[in-house]
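Below sits a lone chain in structure tokens, taken as the form predicted alone.
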């Protein structure tokens, strides 16, 4: 059994940009590991450089997330225009599209040292900084804070990310039920942390392949260590 802290959150709008997208910025369906660390750091009041420095307590947390409900959040795309300024004048207008998720509902899962988790529980009740899902203006509402005891469970997942490329795992199969539907998983290489240089620029580190299992159908993924709480399976993304 493993003690876990579960934070259920909602947001009217959210987005999690895929790393290599530029002019058309697609969104991941769920927050990636660095966003989960960033939310914890914001709740605790850690500035960016302190959050990602070696020895930061937040970096010792284990993180995961699952999507609440049976369906995907709504999606839309929004056009933005970046104004490029040279010599105090607008020299160029560069449009780009950004995908958005609407009415998102997630449970963020944290594990690790219980003393740190208790600090985190207190921080989520009265966060030091505004909490957001994605960009700083995409604010989220903390709906519920709970403790749980996770136990080893069957490797059957839905609506959660896994630290594997499931396209390379033999024997994966959907658990078919009447009315179920299957969508391909989003697979992306993502960092588990950043280093921040003297200019405040982030540099990704410890990148891994992560597969985002959609919520519509449970999938059996052999070989992935699963934890379970109240019948729902998940896997730590960074352990």
Partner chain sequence: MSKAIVVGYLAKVSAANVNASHTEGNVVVAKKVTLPDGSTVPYISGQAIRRMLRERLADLGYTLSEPFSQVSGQEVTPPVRPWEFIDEDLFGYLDPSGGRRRTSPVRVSAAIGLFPFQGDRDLGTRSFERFGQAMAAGGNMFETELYANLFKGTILVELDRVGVFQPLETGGEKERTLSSLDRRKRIQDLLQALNLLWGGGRTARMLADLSPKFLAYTRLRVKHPIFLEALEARYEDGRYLLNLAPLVNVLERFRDYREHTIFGLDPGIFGNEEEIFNTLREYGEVLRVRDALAKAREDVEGLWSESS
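Because the structure is predicted, anything quoted here is derived from the model rather than measured. Residue numbers count along the first chain shown, from 1.
Beyond what is shown, the protein has a form predicted in complex with the partner chain; the following relates to that form.
- For residue 153, no non-hydrogen atom is located within 4.5 Å of the partner chain in the predicted bound form, even though that partner is not displayed.
- The closest non-hydrogen atom of residue 18 lies beyond 4.5 Å of the partner chain in the predicted bound form.
- Among residues of the shown chain, residue 173 is not one whose heavy atoms approach the partner chain to within 4.5 Å in the predicted bound form.
- Proximity of residue 135 to the partner chain in the predicted bound form: non-hydrogen atoms within 4.5 Å are present.
- This chain is drawn without the partner chain; in the predicted bound form, the residue among 148, 73, 163, 112 with a heavy atom within 4.5 Å of it is 73.
- The contact residue chosen from 227, 13, 219, 224 relative to the partner chain in the predicted bound form is 13, the criterion being a non-hydrogen atom within 4.5 angstroms.
- Heavy atoms within 4.5 Å of the partner chain in the predicted bound form are found in exactly one of 24-32, 193-201, 210-218, 60-68, that being 193-201.
- Although the partner chain is not shown here, in the predicted bound form the stretch 27-53 places heavy atoms of 48, 49 within 4.5 Å of it, in sequence order.
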